[in-house]
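Quick heads-up: it's one chain on its own, the form predicted alone, in structure tokens.
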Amino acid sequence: MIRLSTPLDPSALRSLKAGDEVLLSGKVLTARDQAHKRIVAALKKGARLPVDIKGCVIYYCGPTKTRRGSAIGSCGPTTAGRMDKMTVPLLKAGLKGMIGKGRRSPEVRQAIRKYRAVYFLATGGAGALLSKKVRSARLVCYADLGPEAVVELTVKDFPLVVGIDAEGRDVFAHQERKR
């Protein structure tokens, strides 16, 4: 088990291999489809972003309403492929990590390699369990998007698997060759 903290250290990212198990601690931003659309639109306009994504990790997640006594409600991963068409501009702007579930497109895999980033996999269907790893949650921007707003999570030992490493190696590649 590899322990990582945010902001992600570039040398630590380079040492990761697809399939490595990771416990992530530190700050992570949540963002889903609508937040991605707004961030990419701002990047295209050359506008200042409402949140700094350089060196950041974005978790494709729309947390549910916070339960009493908890930092957050259920916070399971969203299918990452839905963000693929908006991912390359974010990587180009300095994003270093993404957390989601499922495969990524060849274009995203190439961009991860080009920009030396990492795609982490979180276990789908385990949102209630994953929420126990969240110490705090703070709204950052796009409050009007409700559960799709950008929220800064502070996580401790958040369990992940490296899905695509900084060299572009993909845990799903073996399955693709079998088909």
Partner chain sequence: MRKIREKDIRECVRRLALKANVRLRDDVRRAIWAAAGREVSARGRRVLRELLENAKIAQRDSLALCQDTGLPVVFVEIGPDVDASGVNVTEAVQQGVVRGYREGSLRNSIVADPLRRGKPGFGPCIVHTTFVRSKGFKVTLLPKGFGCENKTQLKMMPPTSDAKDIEDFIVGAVRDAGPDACPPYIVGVGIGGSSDYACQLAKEALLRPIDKRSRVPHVARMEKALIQRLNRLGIGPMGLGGKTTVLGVNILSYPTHIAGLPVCVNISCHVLRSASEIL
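Numbering follows the first chain given and starts at 1. These figures come from a predicted structure and were not determined experimentally.
Below, we turn to the form predicted in complex with its partner chain, even though it does not appear here.
Every residue in the set P63, C75 and A122 has a non-hydrogen atom no more than 4.5 Å from its partner chain in the predicted bound form. Its partner chain in the predicted bound form comes within 4.5 Å of no heavy atom belonging to T30.
Contact check for K54: no non-hydrogen atom falls within 4.5 Å of its partner chain in the predicted bound form. Although the partner is absent here, P147 is a contact residue: one of its heavy atoms lies within 4.5 angstroms of its partner chain in the predicted bound form. Although the partner is absent here, R113 lies well away from its partner chain in the predicted bound form, with no heavy atom inside 4.5 Å. In the predicted bound form, the residues of 121 to 140 lying within 4.5 Å of its partner chain by at least one heavy atom are, in order, L121, A122, T123, G124, G125, A126, G127, A128, L129, S131, K132.
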